[in-house]
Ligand SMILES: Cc1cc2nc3c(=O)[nH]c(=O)nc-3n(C[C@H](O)[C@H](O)[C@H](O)COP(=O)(O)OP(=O)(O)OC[C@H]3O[C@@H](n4cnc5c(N)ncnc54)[C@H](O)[C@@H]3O)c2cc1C
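The data below hold one chain only, encoded as structure tokens and taken in the form predicted alone.
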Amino acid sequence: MATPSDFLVVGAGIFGSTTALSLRERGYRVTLIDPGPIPYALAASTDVSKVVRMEYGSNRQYMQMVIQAIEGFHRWNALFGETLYHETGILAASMAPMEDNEFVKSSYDMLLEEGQRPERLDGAEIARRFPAWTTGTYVDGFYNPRGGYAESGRVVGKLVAHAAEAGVDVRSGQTAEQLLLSGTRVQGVRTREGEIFSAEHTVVAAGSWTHWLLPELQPVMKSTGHPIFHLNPVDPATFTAPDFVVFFGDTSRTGWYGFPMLREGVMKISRHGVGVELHPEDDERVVYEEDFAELRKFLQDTFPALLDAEITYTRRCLYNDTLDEHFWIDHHPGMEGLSVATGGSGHGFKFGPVLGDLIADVVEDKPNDWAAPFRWRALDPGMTGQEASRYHGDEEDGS
């Protein structure tokens, strides 16, 4: 049995690792457990890249949070002694005039209101600035120089190593299986591997495993899988920053977004859309033939030079979706000594540098201006998610 802690954090993804570090920096004894090895291969945070972008339509809070998070990513680059956040800028391209594209127009307007400097680009200027965009399909949009991508798996690995150096007791190879209860008070967890971890307060930050450990959350969150493709272009230079940057290909209407050439020698294209519901361990995370067909259609419209590119790797990225697509950060209303920090909904990683202190404030019952939208809440089972950049399906097909 491990030595009791002030806080036990379950899950070492971006929510859990930052929480453990923030609580340790506040002077607490903290234990962090994870199935491991860290970064855990099945965790949503573990990937070669995640977008870091301010563009959130008319949601001012998310934009303000990312503005601060970007400053934090630069601090992490300095702390780690390695550039893991790459500020390529963001291209938000639209197939229609911006005035007819709510996500692009409201994001552009909000950026201006928040003192940022997006550059509006018509179709000709998009093609001139970024030569891969030559099909004429995209007629409007903007480039925001502040934003880019983070090498997410490597970031998590560095954060957890830093947390261990700071005194967090990191226990890899431990999978939370059962809460330890005394009446309605949670006193820790028992793991699948047979260990007991005791703590004054437990924070479940287990991503898509959260609502299996806490079944009462299953009506308000689910795990969904979304296709990812790694491509090896015939001409990599065309798809290398600064001539090619992190992009949205009319994402709120198509779901497609992607990255310039990455450290791994590939470019990555993904779909931020409806996805398919999956169990985090029992279901294979495979890409279907219809996903390949949709990718080919997108490439034909957007980057026909990539139609001949070798697809070197595919998988489904697993989101822990809340029904409204906002995070879930709060004390458990029915159990003492238990908090939940989860619900990344496919857009949580970019907030990493501000997540830890936000979650720690909630856990400590300290005021935080950002906490209110993420509190424990009732959700309509039939509601549509509210994340502005995400493709939620075509109304005519009901998906």
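Position 1 is the first residue in the sequence shown; the rest follow in order. The structure displayed is predicted, hence computed values, not measured ones.
The form predicted together with the named molecule exists for this protein as well; it is not shown, and the discussion that follows is about that form.
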Identify whether the named molecule in the predicted complex is within 4.5 Å of every residue in the set P35, A176 and C317, based on non-hydrogen atoms.
yes
Find the only residue in H211, H201, H226, H86 having a heavy atom within 4.5 Å of the named molecule in the predicted complex.
H226
Partner-free chain; cross-checking the named molecule in the predicted complex, the single residue of V30, V51, A69, A360 with a heavy atom within 4.5 Å is V51
Within 4.5 Å, heavy atoms only, one stretch in 366-374, 330-338, 343-351, 57-65 touches the named molecule in the predicted complex. Which?
343-351
How about V10: is it within 4.5 Å of the named molecule in the predicted complex, going by heavy atoms?
yes
Would you check, heavy atoms only and a 4.5 Å threshold, whether G207 touches the named molecule in the predicted complex?
yes
So in the predicted complex, does any heavy atom of Y108 sit within 4.5 Å of the named molecule?
no
Would you check, heavy atoms only and a 4.5 Å threshold, whether L23 touches the named molecule in the predicted complex?
no
May I ask you to list the residues of 39-54 that have any heavy atom within 4.5 angstroms of the named molecule in the predicted complex, in sequence order?
Y40, A43, A44, S45, K50, V51
